[in-house]
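Okay, here we've got a single chain as structure tokens, the form predicted on its own, with questions on binding and movement later.
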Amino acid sequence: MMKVSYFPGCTLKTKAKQLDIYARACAEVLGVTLEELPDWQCCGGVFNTSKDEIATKLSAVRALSAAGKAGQPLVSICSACHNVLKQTNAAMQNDSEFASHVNHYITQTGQGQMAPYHGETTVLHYLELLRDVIGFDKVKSCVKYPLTGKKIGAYYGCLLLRPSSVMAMDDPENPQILEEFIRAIGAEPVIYAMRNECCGGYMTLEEKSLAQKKSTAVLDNASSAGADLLVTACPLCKYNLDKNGQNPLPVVYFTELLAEALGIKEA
């Protein structure tokens, strides 16, 4: 059984528990144990590009360092958490000024002292774990109840793909990883124009009308292309599409569909 370090993040412990529960159970069936990092903290919520903004990135560095010490890749599922972890790791690799400031903090004497970190850990999204480590062929071979006949639209949103030079998960203009996942579980992917457009999630508190407009546009576009439902990896996107989208098209986490196909959801 392969083991990987796992960063669930705050939302997967509260509003997005199903995303977490199904991910763990499915990974076990597929031969991987997600080992939750001990004493992890909030990733910071969003990657701030200010070089002098260090404090909110320290928890991400601690998580990355802990996975590195365990000799394991660090896997996350929430699009926002993954984006922060991946961008922080890249900054530690490529921005010497930023890395110097961070290491100055984490190597100070006292409780919680850490060795310097330089971006050695491999950061993977759960979808990359499925595609690049486990393999979609193995996923397909483990499917007990293929979702035959379901037409599913993949909703990527912003954070899985951008900035593309750092995230490097897929082609930011024409991604395929979620469509490959949908095929692996026996369903039919629906390609629609707005699958990697912003749903307006970050605007929902200050500009609710704009969030409604953007989320409704995504749902309407998917519906018009023939989708029966949308699948996403982002809790904020799911919340916004459910809450502000003026279209009844269901939005579900991809791990829930995986659990259904593997026969875990009923159990």
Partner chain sequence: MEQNKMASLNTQILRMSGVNPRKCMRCGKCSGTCPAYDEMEYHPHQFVHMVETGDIASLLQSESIYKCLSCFACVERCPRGVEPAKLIEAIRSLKTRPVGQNHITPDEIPALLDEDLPQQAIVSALRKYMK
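Numbering follows the first chain given and starts at 1. What you see is a predicted model, and the numbers here were worked out from it, not measured in a lab.
Heads up, the form predicted in complex with its partner chain isn't pictured, but that's what we're talking about next.
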Check your understanding: Just one stretch in 63 to 71, 32 to 40, 223 to 231, 197 to 205 has heavy atoms within 4.5 Å of its partner chain in the predicted complex, so which one is it?
Key -> 197 to 205
Review point. Taking heavy atoms and a 4.5 Å cut-off, does Glu53 contact its partner chain in the predicted complex?
Key: yes
**Study point:** Interface membership of Leu159, its partner chain in the predicted complex, 4.5 Å heavy atom rule
**Key:** yes
Exercise for review: Look up in the predicted complex whether Leu249 has a non-hydrogen atom within 4.5 angstroms of its partner chain, and give yes or no.
Suggested key: no
Review point. At the 4.5 Å heavy atom threshold, is Leu178 in contact with its partner chain in the predicted complex?
Key: no
**Study point:** Contacting member of Gly186, Pro116, Gly135, Pro172, with respect to its partner chain in the predicted complex [4.5 Å, heavy atom]
**Key:** Pro172
Review point. Which residues in 64 to 81 have a heavy atom within 4.5 Å of its partner chain in the predicted complex?
Key: Cys78, Ala80
